[in-house]
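Single chain ahead, written as structure tokens, the form predicted alone.
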């Protein structure tokens, strides 16, 4: 569906109509068509040609925001999410091999690091971290996310994580679902207002440290000392600019140390909370057994294999930043993923299309980090809820023009 915006201006064009392909200073790809109606009088004063700017993109783009600190599992979450919609997520074909963008049949995932206004050297010179708003171009972020939501393709910048430089831009076309993931998807109120749904990954300091060591030492060759220094240097900015965004999230996945093992310091067993805001349009919180009740459930036994320290689920209503929420919590880890269907059968409002779909998705990605605990389970469920939200929004938009015609 084409998107058209009509403008009028005082001009005296020489022809009745013409078209001008153009690219705006913000990287939008659009086509301007000017329709001119000649005045009946000899004077050209008051003549108002109509400028109609059109894009050929899909007007049904849904925007999802995912916020988290660096090294907190955003990439794994994105792979689970795109899998729910089908099709493997890959970098743009024929483009920059260091692109941060992932594209599948339905989704496009944009890394908000691409809106850094300062490269690595520039941040060092100014003494700011990437978390600091002064190191990011929120005006461009807003304009381009809005353009994509409106069906207009953009040329998005690329932040090269290998070189620390800003590479030439890449063309991004409007997808059915646009996911913006990174440090600041809910920081700027203009961008926040464009989101159809938002998620915050809230990793406790203890768990975050363990994860960052594993990723940065094993995958990026960083030393333990440099990792500790990086965390300490980033913490003030994280507290000021990143952590505050969770108050705006529709859903928070909070990862904490287990309570099943007294004085546990290893961080191998996790306690994970799925905090779901009540009253969000097109979103119904998941519940265990009885909606709105307070539930404590230890499922281990004949139907679920659990080695020490076992598994415990809790569910109930709560308050979060003055919002009414429902909280589903899992402490412990699964021994056998194929037995997860027993837990799945006791959960409601999980937006599956068939019995056992959560278990199927978990088994499909058994090698992903967190697949044996609540991080993988809740990420999968949120992915299914986003699919349901997308389908409801599309159905609602398709219904509205029909109702308007009847009226």
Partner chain sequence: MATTMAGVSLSTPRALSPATDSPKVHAIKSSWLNNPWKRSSQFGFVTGRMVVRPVYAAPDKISDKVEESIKNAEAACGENPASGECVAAWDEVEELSAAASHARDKKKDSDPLEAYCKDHPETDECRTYED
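Take the two forms, superpose them, and find the largest set of C-alpha atoms that agree within 1.5 Å; that set is the rigid core. Please read all numbers here as calculations on a predicted model, not as lab measurements. Residue numbers count along the first chain shown, from 1.
Just so you know, the form predicted in complex with the partner chain exists too; it's not on screen, but the next bit is about it.
- The shortest heavy atom separation between residue 343 and the partner chain in the predicted complex exceeds 4.5 Å.
- Remark: residue 124 counts among the residues lining the partner chain in the predicted complex, judged by a heavy atom distance of 4.5 Å or less.
- Among heavy atoms of residue 303, none comes within 4.5 Å of the partner chain in the predicted complex.
- Under a 4.5 angstroms non-hydrogen atom cutoff, the partner chain in the predicted complex lacks residue 240 among its neighbouring residues.
- Contact with the partner chain in the predicted complex, judged as any non-hydrogen atom within 4.5 angstroms, is confined among 193 to 201, 139 to 147, 68 to 76, 286 to 294 to 68 to 76.
- This chain lacks the partner; the member of 173, 222, 277, 312 within 4.5 angstroms of the partner chain in the predicted complex by a non-hydrogen atom is 222.
- Residue-level contacts in the predicted complex: of 166, 337, 261, 153, one residue has a heavy atom within 4.5 Å of the partner chain, and it is 337.
- For the stretch 86 to 114, the set of residues having any non-hydrogen atom within 4.5 angstroms of the partner chain in the predicted complex comprises 86, 97, in sequence order.
- Annotation for residue 259: C-alpha shift under 2 angstroms between the shown form and the other one, rigid core superposed.
- Remark: with the core as the superposition reference, the CA shift of residue 226 between the shown form and the other one reaches 2 Å or more.
- Once both forms are fitted on their rigid core, the CA atom of residue 337 lies 2 Å or more apart between the shown form and the other one.
- Compared with the form shown here, the Cα atoms of residue 304 and residue 361 move at least 3 Å farther apart in the predicted complex.
- Annotation: residue 339/residue 298 CA-CA distance shorter in the predicted complex than in the displayed model, change of at least 3 Å.
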